[in-house]
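A single chain comes next, written as structure tokens; it is the form predicted alone.
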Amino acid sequence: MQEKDPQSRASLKQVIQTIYEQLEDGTIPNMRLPTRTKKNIEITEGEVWVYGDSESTRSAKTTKGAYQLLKTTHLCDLLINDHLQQNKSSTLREIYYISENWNHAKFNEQPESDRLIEDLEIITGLQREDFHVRPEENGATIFGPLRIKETTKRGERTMHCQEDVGEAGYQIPYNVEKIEFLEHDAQLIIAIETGGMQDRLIENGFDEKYNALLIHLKGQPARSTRRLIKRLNTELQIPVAVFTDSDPWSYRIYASVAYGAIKTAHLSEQMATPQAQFLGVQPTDIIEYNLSTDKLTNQDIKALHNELTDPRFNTPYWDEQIKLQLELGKKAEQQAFAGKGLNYVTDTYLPTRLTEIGMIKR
């Protein structure tokens, strides 16, 4: 049994108890939740995204609301009796399929069940890991000078994320609270969008030369990856830089690491690392390094304009970079540096940028 299981059971039982008491009192059952939209997002003093004061009510007054409350009770029953009581777990995908047996309470699609899990996180103040709910394997990895101890169902194991792992590194588990940091020589963390670029840095010995922890974000980073970055930064005081492509979707990858995302704004305090700095690729780099580029699509252009009004990008730096990219009409990938040689990104670009943002001295 996990340490938080009693608290998780009690919190989920309270959700059911509240609905029951409303029925007993003759009140139409309802639940109030923050409105989960961009308009209801605020930046805290700690510079992370959180929900504002706007709320919506899920009420049995409507057929749709009644079905949602019915599904909530079924989901709570599954989490309490199957997961927490029997020490079992399910993936998000499995929960969707389990609901096939719930008759009128079954979910229409997986995003619906995913959202309801998030609703229970908001209501209880817990995380889905506390309910023994896990995502599908995300494949994100960490490579570098860090020794850890991990608690698994088969017991404890220790490993060095440079010496005791394969070529890609240690695969980050879905629940990183089970990881204990034992010792490290890391001077910085580079969170990298693509696996190919992480491989390049490892092959070129960047981790050894700069005592760097190299974390593969695998595109839009999973919760566990963001939480691990947060823990490494706050518990070990290791500075973080995010290295992505130069396009609007990659900028949002950086923003999710640094400030959080709309759908997980209720967890930003645990997952966001506002001290994280954007390393590149910058639009200005396209010009300075004469990088190979692709033309911005209409979707790219629309996304860039949206980012100009996004609170996470409300700084002179991002205003300048985004407007320059719109003017250029171009985007570039991390791998574009390979056109200058396979060592260029590790020998020239990254040392230059890391010096500019104050993370290394040359």
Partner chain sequence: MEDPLAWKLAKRQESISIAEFFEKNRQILGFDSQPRSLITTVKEAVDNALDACEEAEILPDILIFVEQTGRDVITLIVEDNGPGIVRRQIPCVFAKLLYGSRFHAVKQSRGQQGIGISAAVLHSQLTSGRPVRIISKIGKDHPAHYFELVINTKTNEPEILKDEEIEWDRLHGTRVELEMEASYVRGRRQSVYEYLKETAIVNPHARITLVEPDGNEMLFERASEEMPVAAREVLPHPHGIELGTLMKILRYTERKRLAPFLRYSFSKIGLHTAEEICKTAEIDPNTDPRTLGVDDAKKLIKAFKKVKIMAPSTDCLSPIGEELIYRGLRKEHTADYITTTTRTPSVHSGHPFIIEAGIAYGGSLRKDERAKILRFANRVPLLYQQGACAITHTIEKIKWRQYGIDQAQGSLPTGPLVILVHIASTHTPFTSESKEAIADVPEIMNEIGLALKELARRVSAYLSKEKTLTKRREKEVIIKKILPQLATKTAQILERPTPDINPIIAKIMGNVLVKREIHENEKVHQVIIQVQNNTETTQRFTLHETHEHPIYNPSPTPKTTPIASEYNYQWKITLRPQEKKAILYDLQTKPDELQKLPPPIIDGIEKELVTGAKAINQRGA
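Computed from a predicted structure; not experimentally measured. Residue numbers count along the first chain shown, from 1.
Unshown form predicted together with the partner chain; subsequent notes refer to it.
- Comment: 23 to 31 is the region of 332 to 340, 290 to 298, 23 to 31, 311 to 319 lying near the partner chain in the model of the complex, near meaning a non-hydrogen atom within 4.5 Å.
- The contact residue chosen from Ala303, Leu69, Leu324, Val50 relative to the partner chain in the model of the complex is Leu69, the criterion being a non-hydrogen atom within 4.5 angstroms.
- Checked against the partner chain in the model of the complex, the candidates Gln171, Asn103, Gln275, Thr91 yield a single residue with a heavy atom inside 4.5 Å, and that residue is Asn103.
- For the chain shown alone, Ala60 is a contact residue for the partner chain in the model of the complex, at least one non-hydrogen atom being within 4.5 angstroms.
- Using a 4.5 angstroms threshold between heavy atoms, His74 counts as touching the partner chain in the model of the complex.
- When contacts are judged by a 4.5 Å heavy atom cut-off, Leu188 does not count as touching the partner chain in the model of the complex.
- Taking the partner from the other structure, the partner chain in the model of the complex has a heavy atom within 4.5 Å of a heavy atom of Ile80.
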